[in-house]
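Here you get one chain, nothing else, as structure tokens; it is the form predicted on its own.
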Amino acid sequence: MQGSDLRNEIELDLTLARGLNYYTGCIFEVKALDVQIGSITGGGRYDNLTGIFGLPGLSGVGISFGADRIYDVLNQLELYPAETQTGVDLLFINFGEAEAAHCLRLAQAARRAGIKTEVYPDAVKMKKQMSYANVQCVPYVALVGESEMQEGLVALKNMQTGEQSKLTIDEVVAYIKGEQ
């Protein structure tokens, strides 16, 4: 591959051991360069492992990926594209059954306009819902209580600036689209 900056290192370690109860030949591990973490992938040859599943006498080679370790490596090396960091642009806080039903209709309108929108599934404490929004890096939170429902408005909070204003759902859509 010309112009590629990919690099690989191979190390032979005759003392490496893994899965002694089923690997019967060559084994291998894959580690990420530039990260202090154990193997992210491993495997090897096995004879008759399929015998425990009723298919005796079959040899093979297997491999497994440590998804959680691969995730950790990607985080440590900051390899996630910025657009994957936020899955949701707008989160509606859930204040109860009536409010959630109302928010579902508003969320549908926002989604139709191309805004990735979520309604928090449970009417738990607002602090927990806001914490979820912070952890998920949701840029905008919509608060729709009884008074907002009566007024036909949404209290939109910009999670980065802390600014909050009451808007119609069309204004919310325009605001979010204009900010992105």
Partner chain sequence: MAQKPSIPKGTRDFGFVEMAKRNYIFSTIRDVYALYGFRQIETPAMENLSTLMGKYGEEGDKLLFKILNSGDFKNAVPTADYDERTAAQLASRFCEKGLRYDLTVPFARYVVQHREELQMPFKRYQIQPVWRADRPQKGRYREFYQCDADVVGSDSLLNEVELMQIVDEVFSRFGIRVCIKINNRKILTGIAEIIGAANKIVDITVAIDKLDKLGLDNVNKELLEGGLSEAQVEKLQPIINLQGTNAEKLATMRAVLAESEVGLKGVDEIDFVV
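Since the structure is predicted, the reported quantities are computational estimates derived from the model, not experimental observations. Each form is matched to the other, and the largest set of C-alpha atoms that superpose within 1.5 Å is called the rigid core. Residue numbers count along the first chain shown, from 1.
Only in words, not in the display: the form predicted together with the partner chain, which the text now covers.
Trainee: Is residue 158 one of the residues lying within 4.5 Å of the partner chain in the model of the complex, judged by heavy atom distances?
Mentor: Residue-level check for residue 158: no, no contact with the partner chain.
Trainee: Is residue 98 near the partner chain? Define near as a heavy atom within 4.5 Å, in the model of the complex.
Mentor: So residue 98 does not count as contacting the partner chain.
Trainee: When the contact criterion is heavy atoms within 4.5 Å, does residue 153 count as touching the partner chain in the model of the complex?
Mentor: The answer is no: residue 153 has no heavy atom within 4.5 Å of the partner chain.
Trainee: Just to confirm, residue 28 within 4.5 Å of the partner chain in the model of the complex by heavy atoms?
Mentor: Yes - in the model of the complex, heavy atoms of residue 28 and the partner chain come within 4.5 Å of each other.
Trainee: May I ask you to choose, among 113, 32, 130, 149, the residue with a heavy atom within 4.5 Å of the partner chain in the model of the complex?
Mentor: Selected option: 32.
Trainee: Enumerate the residues of 138 to 176 that have a non-hydrogen atom within 4.5 Å of the partner chain in the model of the complex, in sequence order, or give none.
Mentor: The stretch 138 to 176, when checked against the partner chain in the model of the complex, contributes no residue at the 4.5 Å heavy-atom cut-off.
Trainee: Do you see a C-alpha shift of 2 Å or more at residue 139 between this form and the one not shown, with the core held fixed?
Mentor: Residue 139 C-alpha, core-superposed: shift of less than 2 Å.
Trainee: Align both forms on the core first, then report whether residue 100 has a C-alpha shift of 2 Å or more between this form and the one not shown.
Mentor: No, the C-alpha position differs by under 2 Å between this form and the one not shown.
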